[in-house]
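One chain is shown next in structure tokens, namely the form predicted on its own.
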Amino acid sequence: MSSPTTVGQRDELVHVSALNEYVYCPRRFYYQRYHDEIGTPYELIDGRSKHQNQSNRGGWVTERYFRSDELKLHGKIDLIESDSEVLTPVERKRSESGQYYPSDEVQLTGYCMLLEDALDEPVNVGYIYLYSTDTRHAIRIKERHRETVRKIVSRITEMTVNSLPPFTDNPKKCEACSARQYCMPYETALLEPEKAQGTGWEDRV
């Protein structure tokens, strides 16, 4: 019989939402994790409001928490559909662009892995629902998705306060990033151009 999980053990688990944040930008995730320098963006507040509205609708299992010491993951699944006794997680996104991103697929995969760990049976499909277009997209979870989750979990658990990740190679991600004032990609490219090589910022100064 295994021992009860302690607070310290829970802290070692990676929240599934962190997978999405890490894929978007490891450097932004670093500032959020160690310096708490990220404000609560409007998109997140609006998304939580939509989640709350959705959770009041009947017919589904909503906002169910799962954890797995083996996967080193924990998180709350937005919604679980039950169709012919097959349980399928649904991840809901605000998505003003009207599309979902690879980071959303990674997050959904994390929820599928948690659900299949709890059920002890495969969960090979999940859905991403987009509020902006009122559309639902079926994502078939493949081994490459699961391997990506395992790699990111490993990187997050190995991350330390002394290991600041490099800049993202996509400057467009920085334009509306709430961590930009701490990250300072433009200033770094201007004053220490060698640190901005290969990021795309070297062409913007």
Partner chain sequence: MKSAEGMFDESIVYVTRQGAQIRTGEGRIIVFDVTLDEDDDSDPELASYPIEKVDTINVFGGVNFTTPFIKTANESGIVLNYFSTNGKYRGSYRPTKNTIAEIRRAQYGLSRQEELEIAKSMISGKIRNARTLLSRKGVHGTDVLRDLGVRATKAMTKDALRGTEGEAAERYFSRLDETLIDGWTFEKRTTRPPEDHINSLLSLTYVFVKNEVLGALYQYNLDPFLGVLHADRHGRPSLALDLQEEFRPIFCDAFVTRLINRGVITHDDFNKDNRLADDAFKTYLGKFDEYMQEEFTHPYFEYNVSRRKAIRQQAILLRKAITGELDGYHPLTFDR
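Numbering follows the first chain given and starts at 1. Just so you know, these numbers come straight off a predicted model, no measurement behind them.
Form predicted together with the partner chain: not shown, discussed below.
- Remark: Y31 counts among the residues lining the partner chain in the predicted bound form, judged by a heavy atom distance of 4.5 Å or less.
- The partner chain in the predicted bound form comes within 4.5 Å of a heavy atom belonging to E192.
- Among residues of the shown chain, Y24 is not one whose heavy atoms approach the partner chain to within 4.5 Å in the predicted bound form.
- Residue contact with the partner chain in the predicted bound form: C183 places a heavy atom within 4.5 Å of it.
- Of the residues V61, V161, A176, A138, just one reaches the partner chain in the predicted bound form with a heavy atom at 4.5 Å or closer; this is V161.
- For the candidate set K151, K142, H35, K172, a heavy atom within 4.5 Å of the partner chain in the predicted bound form is found for exactly one residue, namely H35.
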